[in-house]
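Shown here is one chain on its own, the form predicted alone, set out as structure tokens.
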């Protein structure tokens, strides 16, 4: 019961990896506050958990972030798994799409972490999310790799600045089966999973539960700070197909 007596705020906790994190925190004796823009998803998740609190927020809206921080109880850990992605060739990707992604995946988490500081108990932690493309780029993903790199740089800077009261880490997941791909054609989605999995040393893509276990480690290991933890099935040494 490693989270007994502790409260964890999970931004993005209504679905995917964030929801799996919240579920594992509860199983380990903790309380959760889950947040996202989708209030219906939050309410559904809380109903399934049979405990916890839903606190909607739009990370890209300053007034919403301020209201969220005001309503937030004292917490021991903040996890920000909610994000956004924009893919496309460098010469063709509209800058408006890139800026929206930076707003959602960098400036949003930056603002949330800053707003939550006054509610974060000493000895607590902040966990950001980046992704494997920051250090192992893929075709047509230069913008996504750049924003992931910015999140990782922020992690290291804040770990130095906020320590020893607050530890700051970053989880960098590879491809996992999650709600993030729910909008894809099912056949195309399975083809993508199979192709990616075949290129990984573990021979498959990951699960949200496996990614959540890594977040649990980053929160609970009190000697870990400033770390970017890859949970990617060996993506950093994967064998890419020929161009």
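Just so it is clear, the model here is predicted, and its values are computed rather than measured. Numbering follows the first chain given and starts at 1.
The form predicted in complex with a small molecule is left out here; the points below concern that form.
- None of the heavy atoms of residue 204 is located within 4.5 Å of the small molecule in the predicted bound form.
- Although the partner is absent from this view, residue 24 stays clear of the small molecule in the predicted bound form, with no non-hydrogen atom inside 4.5 angstroms.
- Although the partner is absent here, residue 106 sits far enough away that none of its heavy atoms falls within 4.5 Å of the small molecule in the predicted bound form.
- Residue contact with the small molecule in the predicted bound form: residue 233 places no heavy atom within 4.5 Å of it.
- Figure note: of the listed segments 123-131, 152-160, 68-76, 86-94, the one touching the small molecule in the predicted bound form, with heavy atoms no more than 4.5 Å away, is 123-131.
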